[in-house]
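A single chain, nothing else alongside it, follows as structure tokens in the form predicted on its own.
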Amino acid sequence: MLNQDQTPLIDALKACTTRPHAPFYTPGHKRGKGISPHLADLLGKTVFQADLTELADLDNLFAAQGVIQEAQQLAAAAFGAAKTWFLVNGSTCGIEAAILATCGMGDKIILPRNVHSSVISGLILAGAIPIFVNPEYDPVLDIAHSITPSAVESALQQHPDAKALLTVYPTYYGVCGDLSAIAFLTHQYHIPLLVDEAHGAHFGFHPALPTPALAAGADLTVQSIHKTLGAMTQASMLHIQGNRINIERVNKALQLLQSTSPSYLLLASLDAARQQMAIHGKNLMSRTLQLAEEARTKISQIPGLSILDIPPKKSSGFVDLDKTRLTVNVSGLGLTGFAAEEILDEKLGVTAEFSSLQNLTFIISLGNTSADIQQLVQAFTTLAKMTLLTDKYQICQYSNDAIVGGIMSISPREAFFAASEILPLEETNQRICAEIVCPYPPGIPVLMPGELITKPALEYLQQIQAMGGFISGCADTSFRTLKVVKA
């Protein structure tokens, strides 16, 4: 039985920072002595003493046999995995590694259309062919949920030669589909289920939270420990179980994608976050859920506002909800989510995680306080009483089908590397897209390399931009031109 109170990586790092020696190794600031005074003033000097390289006592991320291996074994036990890898290049590299480990050039992979842009990057790297499944969509709230078991079954029947199935669990809004049923169907075809669980790292630490992906039957899952737990930004984990994933292929993929100079500050934060949750996780999540429930109850009583919740009649695309994720629909106030976000941030001192046409989404985590919740509730109370709103803030009466992209004409990899040209936006309809185009956050592409550009997709993106949203991924950030495959 492993002792989850241990922090092997932190202990080794602490020992290295206190050992007197003359440093003739990277990084160049030499334990903080050469750091810019401006940065030292911002962060303090102590942190740089621990910004070390792969010294003998600190192990090697790509061939872990010492303290990194011990820390990863503790993490595997805490998160319910057979094996865990620490990631210093974010969940992005974990998603890309999952695809590279399971798919080769020309192999099919089944996945929802509302995947993160990192999945598209993985397709480009692997040369895999996406078989898209449209998620369940709520046209009233303008929110895409999970793919359904019936849609998965249909895709598997049509493409029995697929090498893997990837899904998002939970969605950015905290919505969870029927992952157990999806795992059962996937395994009937003897292929692995890969899960983008970036926003669900906390699930395994409280019974009131949704079932963790591994417990639901996933073969591989990637979690952003920094998004909902106490690790530093960019620190994530990749977990596997069972025998459907080739461990050596995961190792090789991560060596290809991760830095050969990993930050020990990030690695140590993963060790610390694991220890914190393994020992105190249930209490921390109980408190977080209480804060979230207080916010839900009070904000839902404010006229003109409504809170995303599990529908009375559950659907297979929405069977559970992460109650620490708060999505507030502001359309009843006559506002777009973009406008509401701007007012809250600039005038009322509250910053949301992201906004969409109708909604604002907030992440409530172990780091939030009662004072944060009081300020959030007060801000919405004030927002609802504002009556002198300019035309800039009026609600956009725009309907879309959530998934407005076109069909795949060529593979993402082929389009990415093809000869391309830049055209005015109005001339790109029915051309093959050569870049990733997505409102961010949440980073879900509306257009991707290899996809046929459609008029509804262009109109949707223009509408998002007009309402105050941001378009990212494309070379022209003003979104007046698009890169397309040369005819």
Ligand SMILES: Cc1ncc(COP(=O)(O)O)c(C=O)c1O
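This one's a predicted model, so the numbers in the text were calculated from it and none came from an experiment. In this text, residue numbers run from 1 along the sequence as written.
Beyond what is shown, the protein has a form predicted in complex with the ligand; the following relates to that form.
- Message: To test your reading of this chain, name the stretch in 363-371, 413-421, 88-96, 70-78 whose heavy atoms come within 4.5 Å of the ligand in the predicted bound form.
- Response: One stretch meets the cut-off, namely 88-96.
- Task: Can you work out whether the ligand is within 4.5 angstroms of a heavy atom in all three of Ser118, Ala198 and Ser224 in the predicted bound form?
- Result: Verified in the predicted bound form; spot residues all in contact, yes.
- Query: Just one of Thr186, Thr327, Ser236, Thr102 has a heavy atom within 4.5 angstroms of the ligand in the predicted bound form, so which one?
  - Reply: None of the others qualify; the residue that does is Ser236.
- Message: Exactly one residue in Phe132, Phe380, Tyr172, Phe205 has a non-hydrogen atom within 4.5 Å of the ligand in the predicted bound form; which is it?
- Response: Selected residue: Tyr172.
- Query: Does the ligand get within 4.5 angstroms of any non-hydrogen atom of Val168 in the predicted bound form?
  - Reply: Val168 belongs to the contact set for the ligand.
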